[in-house]
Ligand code: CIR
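Take a look at this single chain in structure tokens; it is the form predicted on its own.
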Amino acid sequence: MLHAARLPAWRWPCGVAPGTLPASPTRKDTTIARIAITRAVSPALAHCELSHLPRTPIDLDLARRQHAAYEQALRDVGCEVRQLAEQPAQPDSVFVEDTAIVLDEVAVITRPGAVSRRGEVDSIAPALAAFRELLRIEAPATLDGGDVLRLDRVLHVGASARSNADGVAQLARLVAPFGYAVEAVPIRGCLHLKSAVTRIDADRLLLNPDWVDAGAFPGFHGIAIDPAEPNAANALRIGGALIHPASCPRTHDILRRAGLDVRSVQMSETEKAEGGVTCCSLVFDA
């Protein structure tokens, strides 16, 4: 059953109570085409959750400079960046992608698989309520936004340690009335589905074949990353441009030879926290 996010009324814009918010209140504003919601880097970033990488020192000042450059790259490809305030008690909070799934019609507020991250969602909901009706994943389900790859009207969800079967099932029930199908995808050796595969244009995917099988995405052609760069499959497609980490120059060459407009960004410090270029923003049309 569909339901609006269960938040106190004071958290909703202009005191609007849940269930009374128009589905698309900003459609009247023709001056905004594409929004990118980001969050300032937490001073606690060094205490982030880690699943596949050893803990190494993170330069907080450099992380903040790199994040500012990332936000500028978003502006350069046509986004209006709306940065949320830092959350000092939430080390991973810069990775806003995991807290929501924004579709054309609605936004789904997630329930992250890491217990330490569940405090991040309360502040993302009001930011999205200005643009979409909100739905919510409820316990015992878990779902990270980084596990959800939208390919047209199909939402592929990584069967990861962060997103469980209940999360996949709840997401399917929530989005079915809007014409979306949901399919679980096996992954191996990585944190999220979008660590292993992302969409790079209308019919092509960038993927790490060691972490996900190309056959899980019928109708799409897979381009393999350079094997020396296992984390290179995470790319952020905005319009005709592709934002991609500077740490993957060999894969940049592959993408450019494929005719793609690659925008390189330095992400060394958030990469130490198992973050990628998709992780640090929620991008959608207003």
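Residues carry their position along the shown sequence, with the first being 1. All values derive from a computational prediction rather than experimental measurement.
The same protein has a further form, the form predicted in complex with this ligand, not shown here; the description that follows concerns it.
Enquirer: Just one of 191, 74, 100, 149 has a heavy atom within 4.5 Å of this ligand in the predicted bound form. Which one?
Expert: It is 191.
Enquirer: Would you kindly say which of 136, 132, 162, 199 lies with a heavy atom within 4.5 Å of this ligand in the predicted bound form?
Expert: That would be 162.
Enquirer: Check, residue by residue, if 34, 37 and 236 all come within 4.5 Å of this ligand in the predicted bound form, counting heavy atoms only.
Expert: Heavy-atom distance to this ligand in the predicted bound form: none of the three under 4.5 Å.
Enquirer: Among 63-71, 238-246, 217-225, 44-52, which stretch has residues with heavy atoms no more than 4.5 Å from this ligand in the predicted bound form?
Expert: It is 44-52 that comes within 4.5 Å of the partner.
Enquirer: Even though this ligand is not shown here, does residue 111 get within 4.5 Å of it in the predicted bound form, heavy atoms only?
Expert: Flag for residue 111 set to no.
Enquirer: Is the gap between residue 117 and this ligand in the predicted bound form 4.5 Å or less for some heavy atom pair?
Expert: Residue-level check for residue 117: yes, a contact with this ligand.
Enquirer: I'd like to check something about residue 273: if you look in the predicted bound form, is any of its heavy atoms closer than or equal to 4.5 Å to a heavy atom of this ligand?
Expert: Output for residue 273 is yes: heavy atoms within 4.5 Å of this ligand.
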